[in-house]
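To begin, one chain is listed below as structure tokens, in the form predicted on its own.
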């Protein structure tokens, strides 16, 4: 066994084998995989192994397409062919119009990735799958590339190709410990000796946290028992003369695919069970949980109604084994938060179908620092300090119970709520707040007009449309107040903090005390890594001279990793997180200055506190740090208050606002207003796939200074733009264009929507989209596929509301 290698992948299931193979494809051939037992001896061996193109976003569709293409290549390998039933087709059923609208959106989204889905009616579903009934059925989504694959031969084929490229695989080799050295390299201690390596990868399936504990981390991954059975031969299948399509049924919570001349049926029962919360038997390998068909009786009855032929055949065998879930159901693939040279590929509940693509994207991150797609949707750092076993279990149960029921844009499911709250959360709830969730934080979405008010899950504008419009009007014409909790906030101190930040940002960032600036961080490929507000505070009785770095609520772990990884040993810079210590109150609108003057002894005139200023003061008697910035486009103040003083500051502001018609506003109003102003959202409009010039951020780039990513950016500039972010005006009043919707020129996809919303102040349906440069000129007309309808759209200027910024500077 080697004692030195470049990377050690721990775990021999689909995740580990795919990562090992793809590392060799990216040029790292001096790599090894260690497996405590035999390859595929964990969850992989008993997987139902369905391989679909369906995904909730373009990254997932892209990685699944890679899996399908790879599996076809492996199937056709004459030396070691893999059993892969590709192209059987698959149908996701629906019995509501809202579900059908969702399918139309997913079809539009997938088209931008070169994948064609088909939305079909109930009769066509039955024609393509003659075993199903059309009772209580509207239609479905057809995926012509759906199929299934043999798990064992797939993993063996990947390992075989990796070995041929130079990798080594050590079976029956248990990892007993992990030690990180001062240079951030690792020692992997095993039952057969130690291996020194640059990079370690946790690909340990349901044993993920056994290995995580060895490096002092905990991953929000939980296992659920999952049952399926295989039937005896079904006459309808024998007589059909062709393989049956796969079926996924959100109506009755089951799936099925052909297995020889019968069916394999899997169940997502409501009475589901977690597994392994109190530890896993070391001897549990190539093993299963006890059968428990009684708890799937209700699901089975629904399957009988949908497929009456099932009542005429017996069961050959039953499988009940653990599968892994995360808090939001998507895997964790990428850097491990707070660790250097440590990665994971875990929580793959659909591992066989997706594993080829996940290993591909992870290998790119390890070797090149970034993948070809923005991978935030699977990034382990998208969850922060609130995650634990108990919360993960609650969300895993909820996801399991809703396996085939996708999230609507306006749907907020109840499990695991109140994970992060502030002293104002119960106060705002009592006032009628409807909450959304941002990285675990309960944030006001809008204020309900009555206690029994509710919205219907939908991709269209919902019952809150006019309510949000009233909140926007209050901000535009008088004054509004909002709590913005969870906003990422770092405090940087030390003599070198300004030079450090200057190196990190691609543009000039103010170093003047009392001033605020906005800037962008690039990765080593010259593309957008992050967006941050920088505020310089002079020394005071609250602390030394310091700089506040503020970014998106979800960016806490991501940005800390990025900043710390670029700190030089000789730099005097300290970074401390204040994210969970303070909360922001935003006061916005033409009467905002009057409110501030009523609660603070400071001078809030335009001359004393102009736009992009920062000062420490008191709001009432609550200590506060106030920034003169605006995400709404109106005169606004961002008031940062310690959580211990938050309620008193809120009461003072509300009392002062009575005379000026102050109204609460929430996240929906903010999103509408930022769309009108041309302000961008991190990981919706700001992605690692595009550089700042393609994103329309030219004014924030200074090529006459050095910064991280500059050489790559210069090379991209020389090569020319591949896309351009534009603002679109849609000729539609019933639905926004959701992220992923395809921009169409005839039958050709020329762009993809990143975000969309109704602009109440301008009376327009707005969307942002990356389009081909030839389609980026103002006035260019094309269509956007919104829920299956071609909606006329025109390119308009970014920031259609108050383009001169007069209102926010007032």
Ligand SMILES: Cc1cc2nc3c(=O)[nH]c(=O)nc-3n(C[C@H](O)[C@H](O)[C@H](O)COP(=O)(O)OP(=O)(O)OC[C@H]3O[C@@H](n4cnc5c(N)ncnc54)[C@H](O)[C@@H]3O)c2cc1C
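As the structure is a computational prediction, the values presented were derived from the model and not from experiment. Residue numbers count along the first chain shown, from 1.
One more form of this protein should be noted, the form predicted in complex with this ligand, which is absent from this view; the next part is about it.
Chemist: If contact means any heavy atom within 4.5 Å, which of 635-643, 511-519, 86-94, 223-231 contacts this ligand in the model of the complex?
Modeler: After filtering at 4.5 Å, what remains is 223-231.
Chemist: Heavy atom within 4.5 Å of this ligand in the model of the complex: which of 726, 263, 472, 352?
Modeler: Contact with this ligand in the model of the complex is made by 352 alone.
Chemist: Among 675, 333, 203, 737, which has at least one heavy atom within 4.5 Å of this ligand in the model of the complex?
Modeler: Filtering the options by heavy-atom distance leaves 203.
Chemist: Is there a heavy atom of residue 20 no more than 4.5 Å from a heavy atom of this ligand in the model of the complex?
Modeler: Output for residue 20 is no: heavy atoms all beyond 4.5 Å of this ligand.
Chemist: Looking at the partner-bound form in the model of the complex, is residue 10 within 4.5 Å of this ligand by any heavy atom?
Modeler: Yes - in the model of the complex, heavy atoms of residue 10 and this ligand come within 4.5 Å of each other.
Chemist: If you check in the model of the complex, is residue 526 within 4.5 Å of this ligand, heavy atoms only?
Modeler: Result no; residue 526 lies far from this ligand in the model of the complex.
Chemist: Check residue 174 for me: does it contact this ligand in the model of the complex (non-hydrogen atoms, 4.5 angstroms)?
Modeler: Although this ligand is absent here, residue 174 would touch it in the model of the complex, with heavy atoms inside 4.5 Å.
Chemist: Flag this candidate site as yes only if 425, 482 and 662 all have a heavy atom within 4.5 Å of this ligand in the model of the complex; otherwise mark no.
Modeler: Verified in the model of the complex; spot residues all out of contact, no.
Chemist: With the partner left out here, which residues of 43-58 have a non-hydrogen atom within 4.5 Å of this ligand in the model of the complex?
Modeler: Residues within 4.5 Å: 43, 44, 46, 47, 48, 49, 50.
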